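The chain that follows stands alone, in the form predicted on its own, written as C-alpha cells.
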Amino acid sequence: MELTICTYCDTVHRRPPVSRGSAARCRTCEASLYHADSDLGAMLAVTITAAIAFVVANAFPLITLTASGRQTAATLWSSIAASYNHELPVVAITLAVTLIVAPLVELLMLLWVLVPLAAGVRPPAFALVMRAMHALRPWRMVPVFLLGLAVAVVKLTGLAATVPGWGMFGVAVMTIAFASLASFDREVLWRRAEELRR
C-alpha cells in the first residue's frame, strides 16, 4: 500500500490513482498532494527548456532604455551590480541567490536526477539530491522578479523608450518551465529510483 503525506498539514493519505490532468487533494486542508503527470521524458524536456531559458536570461539584456539619444541595456548581472554599487549589498546578495544561484543549482540537480533515471540508471546520491531540491525550492524567486520586471517596463515607458530584450523572454520562459515542473508528480522519481535499485 502506497502512502503520501501532505506537505502543509502532515496528514497521511493512501495514494489513490489520479486521472491524467487532475490532482489528488488533501482531505484535511484541500492542498494539492500530487498531480497525474509522471512522464520522465516530458519532465526532462521541460528541465532542458528551463536550462536554455536560464542561459538566455543571463546572457542577453532584460530591457533596453533609450533616452536623449543614449541607449542603456539592463542585464540581470548589471542589476545585481547596481544594487551593490548603491550600497545595498543585502539586496544584491538576495538577487544573486534567488535569481541565479538557486535556479541554477535546482536545474543542475534536476538534470543529475532525470538524465540517469530516463536512461534506466539510478543516479548517485539520489535521496540526498532530492531532499536538497526540496529545501532549495523556496529560495527560487524567478516569478516574483518577472512581475517586478514587467512593472518596471510599464513605469519606465513614460521616461524613456523601453524595449524588452531576449533576457526578459528567457525569464518568462524559465518562469513557465518552473511552474510546469511543479505540476509533475515527483513521487514518481522516488518510485523509479526504488525500481532501479532492485
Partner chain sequence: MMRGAELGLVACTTCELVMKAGNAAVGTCPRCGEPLRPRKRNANARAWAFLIAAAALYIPANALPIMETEQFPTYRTDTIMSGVAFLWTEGSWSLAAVVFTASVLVPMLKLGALGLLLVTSRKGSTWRQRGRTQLYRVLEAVGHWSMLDVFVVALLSAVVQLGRFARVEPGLAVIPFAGVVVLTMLASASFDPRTIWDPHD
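Positions refer to the first chain, counted from 1. Just so you know, these numbers come straight off a predicted model, no measurement behind them. Take the two forms, find the largest set of C-alpha atoms that superpose within 1.5 Å, and that set is the rigid core.
FYI, the form predicted together with the partner chain isn't displayed, but the following is about it.
The partner chain in the model of the complex is not approached by Phe60, whose heavy atoms all lie more than 4.5 angstroms from it. Taking the partner from elsewhere, Trp139 is found to have a heavy atom lying within 4.5 Å of the partner chain in the model of the complex. The partner chain in the model of the complex comes within 4.5 Å of a heavy atom belonging to Leu95. Interface residue remark: Ile5 is counted as part of the site for the partner chain in the model of the complex, having a heavy atom within 4.5 Å. Residue in contact with the partner chain in the model of the complex (any heavy atom within 4.5 Å), chosen from Val121, Val91, Leu108, Val101: Val91. Heavy atoms closer than or equal to 4.5 Å to the partner chain in the model of the complex belong, across 117-136, to the residues Ala127, Arg131, His134, ordered by sequence position. Comparing the forms between the shown form and the other one, the C-alpha position of Glu187 differs by less than 2 angstroms, with the core used for superposition.
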